[in-house]
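Below sits a lone chain in structure tokens, taken as the form predicted on its own.
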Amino acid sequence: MPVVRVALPIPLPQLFDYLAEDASAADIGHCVRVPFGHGEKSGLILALPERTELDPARLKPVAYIQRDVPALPPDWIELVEFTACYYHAPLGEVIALALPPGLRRAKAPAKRRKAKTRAPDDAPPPAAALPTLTAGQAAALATCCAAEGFAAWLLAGVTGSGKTEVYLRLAANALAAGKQVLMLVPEIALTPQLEARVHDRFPAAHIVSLHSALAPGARARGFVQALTGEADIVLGTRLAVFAPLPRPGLFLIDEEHDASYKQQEGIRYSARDLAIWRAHQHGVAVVLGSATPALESWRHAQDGRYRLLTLPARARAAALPTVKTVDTRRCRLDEGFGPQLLAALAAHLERGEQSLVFLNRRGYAPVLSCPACGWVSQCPHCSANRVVHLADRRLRCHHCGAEAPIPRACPVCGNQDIHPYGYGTQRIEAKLKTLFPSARILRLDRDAARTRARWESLLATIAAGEADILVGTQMMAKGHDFPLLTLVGVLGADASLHAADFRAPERLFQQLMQVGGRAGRAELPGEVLIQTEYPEHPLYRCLTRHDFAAFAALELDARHAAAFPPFSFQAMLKADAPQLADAVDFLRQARQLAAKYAHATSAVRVFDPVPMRLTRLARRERAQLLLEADRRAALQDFLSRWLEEVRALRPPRELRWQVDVDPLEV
């Protein structure tokens, strides 16, 4: 009887053999339901081996092979195998991550439409009149279109320079050639405007959206439509990188610098890096666009690994917004607002223009405290404070979600004079309503926009000019285009200047340049005011000149001196347990195993285990062990051998551990 080799979603790097009476080579790539332990699991058939190392009498028969959905192709299986290999994750768990739940359960998705194909010589679909290209856009397009085969293009364009138009023109060329396009965006919040624009440009194309907010059935249908070639354009967040494409022609990655492309739980893959690998796999172009590229990507462009395209001017606005720093050491702040920013808000309000006050901290205040005894609203489950949410009178942890009512008196000493300290978007919103009672104030953060429908409603309100002053977090920092928005005021930016994470300055520069780029995107001039106690800091000086290249040079010099990425390659072994001592002890054992390999090769540096900065999260204590090498190949070879021995360790039952290759948080 034929034997099928199946990958199952369990935390073991091995495959499992089963008997399948009617199996054939055509079943490779099909989902399957098999008995496992005392129940059943769904997996994927990866091979039909000629022989098995197990006694055939011990093999169990498969329960069901899902043949009503086309088999996943060899190139898709190669993709998940590469992901498992590079990120050192069990192959079955990678497959479970990549497949929609509806397919993973080995059940056919809802009825789908008949797949369509398009011959390369078909006429392009009718579309609306195209905007006139700027000289920079035309040059970028001509350069891209003249190249053949694989190329990684870094499209570095200032905010409002028309990067999306370049994406759409390149997508049109791919569609005209009968190819499919994969377009990735970092956040679901960015998809409504982009979806509308893509649909308007390609009314005859079949466009599929893939992201985690979709219902399981919708996600499964979209995945199958991509698999069969019915979908012409796949638009989605990081999980869309696993969409199978039988005729791929172009990969587009918008805001390629965004940390959202890196999965931070479970299998910690980078969708951006996998998209580049897929483009190389198929010999097609990949375009990475950003006004503030990741320093790794920028260095690749300087070294020639990526090809650099620049858009130095805005597409519609006459000029970039003016960026000024406001020295808050020399003025008295009124609940976070300096007089210069308040005067600017009043002036823009009087002219009927929109303003954005940016503070990347939601809630009313970061902490509630008692001045009598020193009690603070600490989360009982995390090494963090619970944030004051005055709108619904709750204390809420932004890490684990634990919440409680705001107490009327101090829980420790009974003092009724307890105070919120610091500022969040809710407190800023309340203050603005008292300062500008006639203004229409609109807050945009995850508390105000809990659903996609609510988010789209808020965006429509802004676009219709029915809001005067916006209060927003990073949700407003990128991807939005509001013609009446002419002023951006930034509060609380200095906190990131002295953070322990070496990537903090890069993220701050990217965030401020992105949010500042929301101002003056049409005919009206834009203005950005950044309140700071360090106006002479090099980061702010580069920002006022819109000089990303100068900032990147400074940061890369600093990282080179410290041997930080991109001048080294890192991996992190993380462990968490109810007791910190258990997590640290496990990492110490792992370090002892690592020492013999590290000393033998001298190519990998193994650091001591330490508690993570947020040590306690959701009642679990966390620690980490950092590994570093000057060459990627040396680190990968080390991890392959070392992790085999780590898996053989016998940690306490309640301890969990994961490996993070190319971590973004160290």
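On a predicted model such as this, the values are computed, not experimentally measured, just so you know. Numbers follow the displayed sequence, beginning with 1.
Keep in mind that the form predicted together with a small molecule is missing from the display, and what follows is about it.
Looking at 412 to 420, 71 to 79, 263 to 271, 312 to 320, which one sits within 4.5 Å of the small molecule in the predicted complex if you count heavy atoms only?
That would be stretch 312 to 320.
Does at least one non-hydrogen atom of residue 510 fall within 4.5 angstroms of the small molecule in the predicted complex?
Residue 510: no contact with the small molecule in the predicted complex.
Just checking whether residue 132 would be counted as a contact of the small molecule in the predicted complex - the rule being heavy atoms within 4.5 angstroms.
Yes, residue 132 is a contact residue.
How about residue 224: is it within 4.5 Å of the small molecule in the predicted complex, going by heavy atoms?
Outside the cut-off, so no.
Is residue 160 one of the residues lying within 4.5 Å of the small molecule in the predicted complex, judged by heavy atom distances?
Looking in the predicted complex, residue contacts with the small molecule include residue 160, since a heavy atom lies within 4.5 Å.
Looking at 443, 88, 521, 300 here, can you tell me which has any non-hydrogen atom within 4.5 angstroms of the small molecule in the predicted complex?
Selected residue: 521.
Only one of 137, 570, 83, 209 comes within 4.5 Å of the small molecule in the predicted complex by heavy atoms, so just point that one out.
It is 137.
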